[in-house]
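Single chain ahead, by itself, as structure tokens, in the form predicted alone.
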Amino acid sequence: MLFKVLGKKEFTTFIELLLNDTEVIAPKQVGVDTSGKPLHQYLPVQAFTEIDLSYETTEYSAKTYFLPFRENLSTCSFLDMVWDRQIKYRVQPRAIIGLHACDINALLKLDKVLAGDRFPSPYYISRRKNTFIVGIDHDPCEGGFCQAVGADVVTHGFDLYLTDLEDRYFVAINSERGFNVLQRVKTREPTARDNNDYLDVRRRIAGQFKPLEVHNLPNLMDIEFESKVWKKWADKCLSCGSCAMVCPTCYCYGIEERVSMDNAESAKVKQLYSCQFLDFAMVAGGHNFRPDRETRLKYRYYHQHRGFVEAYEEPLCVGCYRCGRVCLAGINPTDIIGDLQTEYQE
């Protein structure tokens, strides 16, 4: 990996150059919560001044720009006895600025599922390949446990990655595209002081995470499969699916065929779904494989921390804690994992 040092003024110029010819998505403050804490979202920006790189987290992840909540997979028309089918992929270049390590790691996990050899999605791949990603280091967010699941550091999956050294950025270059784009502004080679300052920042960030023991979680979950912990938390669950909607790695979806009343037009529509919905496991004949909240909640966690580990040798969860923050019932992964560990130790 190549490293460069980029001044803050040059970084501003770099973003302004991107804005001239590319759609730019970046963290933007959209309001404050009831305690006055800033709320941010990844949104299109028109000027550098709209970007807030000091943000803690966003309510929704950048997944929405790769897996839209709803999209047309194909459209069809039937006119004068001629059947016409259209399939469109996004090819317009786009840049996303300021992704944190956990969100980039989330995209890498989605890559394994949606851009791998088994079931590649051309819709996802077209968006992924046409998106220029600039990441940035940050202090741990409230409740976040990305270090515990190995998502606090990222070594690939981006074009450029920034570490703030107060008056300058330490830039990791991870693609030819990133190298070429960075040539548009003035940079310099890192000095020994730059390297030391970068390592000091990384040590400071790493030292702020609260410890969470998850290394043996897959085996623990198998042992605690019939644990009362699942019912304890499931009794609070509203089955609203909010956790899946904000999760940067959930990718379950449904397909709907929409046909016009005159049968002249139709569309195959894909919409993200949640395993917490009552009808998620409903099949023909009305049978439901997961009729109760306890089973649905349990299998969400088994997919995140057990099934995905078996398939890809890493958990699906990146520890961003968005699900914990958005849950109206106060259900969160750290408390559930803690309860499982406490019950096992007893």
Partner chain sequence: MTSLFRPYYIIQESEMAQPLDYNRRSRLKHVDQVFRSEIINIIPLTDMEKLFQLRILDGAERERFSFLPGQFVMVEVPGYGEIPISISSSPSHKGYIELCIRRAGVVTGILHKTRRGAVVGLRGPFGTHFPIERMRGNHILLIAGGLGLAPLRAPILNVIENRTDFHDVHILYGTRQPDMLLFNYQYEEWNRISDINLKVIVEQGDESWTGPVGLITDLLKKIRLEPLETYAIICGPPVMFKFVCAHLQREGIPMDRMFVSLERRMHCGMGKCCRCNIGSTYTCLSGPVFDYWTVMNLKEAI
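Positions refer to the first chain, counted from 1. Here the structure is a predicted model, which means the values were calculated and not measured. Take the two forms, find the largest set of C-alpha atoms that superpose within 1.5 Å, and that set is the rigid core.
Keep in mind that the form predicted in complex with its partner chain is missing from the display, and what follows is about it.
- Taken together, Val82, Phe132 and His303 are fully in contact with its partner chain in the predicted bound form: each brings a heavy atom within 4.5 Å.
- Contact between Tyr55 and its partner chain in the predicted bound form is not found at the 4.5 Å heavy atom cutoff.
- Its partner chain is not shown here, and in the predicted bound form it never comes within 4.5 Å of any heavy atom of Pro44.
- Contact between Leu18 and its partner chain in the predicted bound form is found at the 4.5 Å heavy atom cutoff.
- Proximity of Asp117 to its partner chain in the predicted bound form falls within the 4.5 Å heavy atom cutoff.
- Put simply, of Gly150, Gly254, Gly241, Gly143 only one has a heavy atom within 4.5 Å of its partner chain in the predicted bound form, and it is Gly254.
- Contact with its partner chain in the predicted bound form, defined as a heavy atom within 4.5 Å, holds for exactly one of Arg202, Lys236, Arg177, Arg188, namely Arg177.
- Heavy atoms within 4.5 Å of its partner chain in the predicted bound form map, among the stretches 276-284, 317-325, 57-65, 33-41, onto 276-284 alone.
- Residues of 192-225 that come within 4.5 Å of its partner chain in the predicted bound form, judged by any heavy atom, are Asp222, Phe225 in sequence order.
- A displacement of 2 angstroms or greater separates the C-alpha positions of Asp84 between the shown form and the other one, with the rigid core held in common.
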